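The chain below stands alone and is given in structure tokens; this is the form predicted alone.
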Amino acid sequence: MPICSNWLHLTPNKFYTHALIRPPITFTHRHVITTTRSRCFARAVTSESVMAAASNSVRVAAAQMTSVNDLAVNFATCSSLVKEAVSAGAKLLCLPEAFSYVGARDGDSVKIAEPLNGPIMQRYCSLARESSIWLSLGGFQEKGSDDEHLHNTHVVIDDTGNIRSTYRKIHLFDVDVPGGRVYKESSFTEAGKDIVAVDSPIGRLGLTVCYDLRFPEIYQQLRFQHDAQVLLVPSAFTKVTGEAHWEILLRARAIETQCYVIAATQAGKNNDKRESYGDSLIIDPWGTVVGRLPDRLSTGIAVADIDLSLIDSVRAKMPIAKQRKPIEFWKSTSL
């Protein structure tokens, strides 16, 4: 067990931080460790609750990193994060949008884009197989239909190294950020058309990417038409938009769909032009944050247990799936 100076004990609604010289040798509670490069924290859970939830729970991890314009450097960082996740007992590690590469100049990402059977993705498939862990690769630069475009593709790889599913980002980030720069993702990215969900050991996953978060319709369809239980939102939110809306949007998606949400994200300065907000989160179907790194800008993982019985409980007690009204129910009226 690593020595650390700050231990964070979680109760249902409060965070308590205790400064210690070193962690105690024995505990009356079982502690789940979450690590970053420089610190760790623990979530106290009674042994009784752990045993009760064991049959329905599976551990997941959400990564936080600062990708750069070097494929080898980013792969080394991702490999280290995978080792941390495996050591923590996670069955799935979610990596953020642009995990493998962030270009320093406009057009760099298109130049390095490859098909899914190319050497870049195959290295990550090998990493998943060698580590026996599922990987959510949040936004890969997949080669597009011509040399001037790519797809921003969310790839899910199983623990044998096989690609289980892919989702091409539907909503492209064409925004003049207040107080920031102008982004025009559509100038080099082809939008996807299909909503995608896939079965996994932690439940049925609904796949999205970053800017999709602002469009609740896709999450409604993932829940009510595709039976998603866990929504994946890998991102590279800007600092300005992240400060304003990141957590509240994620919690809203969790609450309105009664799904877990896992949001892995870029953090800090990727280059001179790009700064990402950070704050990787795991949120339960009641909207409670159950996993978070202590440092919003650090490289590391947030860990939490997905409890499928909690999803069933929340949905049974508030049966919105049965109470939803079809669009045809609402009649437009003129005043």
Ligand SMILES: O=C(O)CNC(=O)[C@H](CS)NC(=O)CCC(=O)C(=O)O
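Here the structure is a predicted model, which is why all the values come from computation and not from measurement. The first residue of the sequence shown is number 1, and the count goes up from there.
Just so you know, the form predicted in complex with the named molecule exists too; it's not on screen, but the next bit is about it.
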item	value
Segment that reaches the named molecule in the predicted complex - one of 78-86, 111-119, 211-219, 197-205, heavy atoms within 4.5 Å	211-219
Three-residue site 97, 236 and 241 fully in contact with the named molecule in the predicted complex at 4.5 Å by heavy atom	yes
Contacting member of 256, 148, 185, 130, with respect to the named molecule in the predicted complex [4.5 Å, heavy atom]	185
In the predicted complex, residue 265 touching the named molecule (heavy atom, 4.5 Å)	no
Close approach of residue 274 to the named molecule in the predicted complex, 4.5 Å, heavy atom	yes
Residue contact check: residue 169 to the named molecule in the predicted complex, 4.5 Å heavy atom	yes
Partner contacts in the predicted complex for 284-319 (non-hydrogen atom within 4.5 angstroms of the named molecule)	none
